[in-house]
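Next comes just one chain, in structure tokens: the form predicted alone.
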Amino acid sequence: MRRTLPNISLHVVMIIGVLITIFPFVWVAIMGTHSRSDIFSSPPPFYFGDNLLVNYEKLLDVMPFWTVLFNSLFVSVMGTAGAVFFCSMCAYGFFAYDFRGKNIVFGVMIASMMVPPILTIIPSFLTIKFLGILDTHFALWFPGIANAFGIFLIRQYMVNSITRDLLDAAKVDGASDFRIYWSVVLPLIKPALATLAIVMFIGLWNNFLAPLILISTPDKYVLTLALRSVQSVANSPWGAIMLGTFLSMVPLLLAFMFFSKQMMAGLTAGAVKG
């Protein structure tokens, strides 16, 4: 009994935590099947309604949903792929090579992580405007593909999981620097790459401030901006908005399911010795 009671208490706490975590997702899904009047009724309905098709038609009427969904997917995929490639390449440079000022450059890069992103909004906007890429999707994903967090994360993983002897052995076998990076290093750091990929994908998918500042053409809106623009009209169709919000969660859930195994391996790497 002394061993059973703590286990039962732990499972109860975990179940309560899971229910609290999934409740917002279930609630949004339920509200997406009800009309505006049902959503604001008292008490609100805690069951699935029969207004799903009506809300879907309203969603397509108030915004080009599938277009903005594709825009968000394009920005997130391009930014994630670019960040995984360039951050891992830069991290490999800090790990594998010794050059003058290496520690100073790395220290300045780490220090840049302490600067609040809100402070860089005006300089970033002016730079993007000067380059002539304002009001383009390129401006949403390209500036962040080589970021300090990704470089630091992957570099630290390389330090803990790859030995210099392995790199030296590859050089003795005649492998070029890029071949060592591509064929030797990348397969060994998959957990770190998956962790960075899911963090970048979620960050780009949920990004609202950058599209709000940089995108002005409605056809180029991403999901976060499009859903917010609908909420500003009179008598907002909240059923359609809830349905669109739930549909916007599906890619995030799929991305987490796809990368979660590697991500957990990356987060727990080094936790157990031996």
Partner chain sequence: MASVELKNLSKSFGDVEVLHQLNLTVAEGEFVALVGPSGCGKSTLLRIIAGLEEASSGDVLMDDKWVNDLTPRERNIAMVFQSYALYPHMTVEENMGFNLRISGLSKLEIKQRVGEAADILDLGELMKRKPSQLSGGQRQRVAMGRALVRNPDTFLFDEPLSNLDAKLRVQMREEIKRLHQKVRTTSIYVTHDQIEAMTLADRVVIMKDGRIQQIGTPTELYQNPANVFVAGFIGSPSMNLLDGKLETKGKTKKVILSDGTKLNVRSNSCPLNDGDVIVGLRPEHLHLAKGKTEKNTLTGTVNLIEPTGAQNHLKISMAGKSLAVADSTLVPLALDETIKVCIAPEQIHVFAK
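The shown structure was predicted, so the numbers you read here are calculated from the model rather than taken from an experiment. Numbering follows the first chain given and starts at 1.
The same protein also has a form predicted in complex with its partner chain, omitted here; what follows describes it.
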- Query: Should Lys102 be classed as touching its partner chain in the predicted bound form when contacts are defined as heavy atoms within 4.5 Å?
  - Reply: no
- Message: Can you work out whether Gly132 and its partner chain are in contact in the predicted bound form, taking contact to mean some heavy atom pair no more than 4.5 Å apart?
- Response: no
- Message: When the contact criterion is heavy atoms within 4.5 Å, does Leu188 count as touching its partner chain in the predicted bound form?
- Response: yes
- Examine Met158 and determine whether its closest non-hydrogen atom to its partner chain in the predicted bound form is within 4.5 angstroms. no
- Note on the structure: Answer among 165-173, 70-78, 191-199, 150-158 for heavy atoms within 4.5 Å of its partner chain in the predicted bound form: the stretch 165-173
- Are there residues in 178-201 with a heavy atom within 4.5 Å of its partner chain in the predicted bound form, and which are they, in order? Arg179, Ser183, Val184, Pro187, Leu188
